[in-house]
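Next comes just one chain, in structure tokens: the form predicted on its own.
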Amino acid sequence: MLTIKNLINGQSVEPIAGNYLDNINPATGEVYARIPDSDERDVDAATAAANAAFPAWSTTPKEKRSAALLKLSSLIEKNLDKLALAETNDQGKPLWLSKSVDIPRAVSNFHFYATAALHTHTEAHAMEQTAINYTLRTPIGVAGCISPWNLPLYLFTWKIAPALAAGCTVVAKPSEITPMTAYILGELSIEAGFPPGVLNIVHGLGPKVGMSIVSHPQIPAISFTGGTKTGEIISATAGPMFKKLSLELGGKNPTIVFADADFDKTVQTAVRSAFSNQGEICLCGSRLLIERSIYEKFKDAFVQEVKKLKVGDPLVEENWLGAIASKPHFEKILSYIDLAKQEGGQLLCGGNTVTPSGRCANGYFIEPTVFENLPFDCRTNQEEIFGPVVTLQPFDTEEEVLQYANSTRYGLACSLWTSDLSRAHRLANQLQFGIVWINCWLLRDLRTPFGGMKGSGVGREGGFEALNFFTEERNVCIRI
């Protein structure tokens, strides 16, 4: 059985207390590795190493920092198959998805920020004949990066890469549910020649390790992706300490379909947006709002396509949905399926657990599930389920669908399907979401800002927004 270790000061080390947690493969329900059950002492050690490394790393020429990140990007790509299998064994997603999306995106994250750091710029403001002002940006210090379990390496690198590129050193915590690719990344960072202490990875539980990072007085910036409730706790802890915060939180995203949309393309993409990664993506479209004139036709086509999706062993290529990431989350999703029934939802397909034959007989599998006849303001339509459960609802007017779409506490993303360009622009300006996709879904340009409104977060990731987050701005005014 593999034993994962922390990465502190350039070395793989055991947790100070010597305690470990079980790492479970959700497709089999079996323990296959041990991970450190770290505590505040491990975070202290990692932070001390990061602080010691910061002066040299922050003043290293951008070209050298860029080269180090490019080397790590190349090593991730070289180890794609190894990392993809580790991701699938940890998270339960299909292996083809890990190979085609998760690990390639981790490669892109490091490559993008390695090159973006070479093209940063500052502003100058002349005050006629009086003075000139210019802006300096300097690395903020040690960055605390905490990532979730649904897209483990993808989102881990989404935080680490810009922090390192900006000149910060990092103390990072991956999810205790999916630690394996973060552990391998740590080993690859040593191979890439990162100076000791520049990247530190501490494994363990959120209340122990995560909160130790959030509350540490020598970590001035926190980048967190996860649940909205956890975000509230982090904000309450870090706010009084005047830390810089980037919080990418939950979503309850609508897919809005007008009658003039490209019907076949919309159906196919709506299925993909609803059930990709078992619905365990904060950007998944879990509320389908469909113009009434095509509602029945769309419903029939959508359900027909959903019923074609195969659920089972994530190592089998034809399976489109793998295992739910953990047993507690598996049970949470099932409780929401029961809730939808109690709230009067009509089950159109799915709703059951799946028991594959062979090695996955004890795994955590749920059919893709579709409900209709639920009011827009019921709990099923308002709360984030984060699983393969979606609802269908008809609408008649733009005003009505805007009410439905904007009704939740979340405001992360939505997709809008129409051939009317004027309508698309009009609604895009009224939808209360940080991302509005028109006639597409999950089409991402890494240069663009990423984040949500309302309960979906604070701040933006992506592009130069992320590089700027990990810096402090200083205005310099020179009198002429």
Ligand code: NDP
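Note that the structure is predicted; figures quoted are calculated from it, not measured. All residue numbers refer to positions in the sequence shown, first residue = 1.
Just so it is clear, the following notes concern the form predicted in complex with this ligand, a form of the same protein that is not shown.
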If you check L205, L80, C349, V316 against this ligand in the model of the complex, which one has a heavy atom within 4.5 Å? L205
This ligand isn't shown here, but in the model of the complex which of P104, P195, G344, G227 has a heavy atom within 4.5 Å of it? G227
Taking this ligand as it sits in the model of the complex, is C414 in contact with it (heavy atom to heavy atom, 4.5 Å or less)? no
When the contact criterion is heavy atoms within 4.5 Å, does L155 count as touching this ligand in the model of the complex? yes
With the partner left out of view, is E384 within 4.5 angstroms of this ligand in the model of the complex by any non-hydrogen atom? yes
State yes or no: in the model of the complex, is some non-hydrogen atom of S147 no more than 4.5 angstroms from a non-hydrogen atom of this ligand? yes
Of the candidate stretches 290-298, 120-128, 249-257, 355-363, the one with residues having heavy atoms within 4.5 Å of this ligand in the model of the complex is 249-257
Joint contact, F275, V401 and L442 to this ligand in the model of the complex, by non-hydrogen atom at 4.5 Å: no
Partner contacts in the model of the complex for 276-293 (non-hydrogen atom within 4.5 angstroms of this ligand): C282
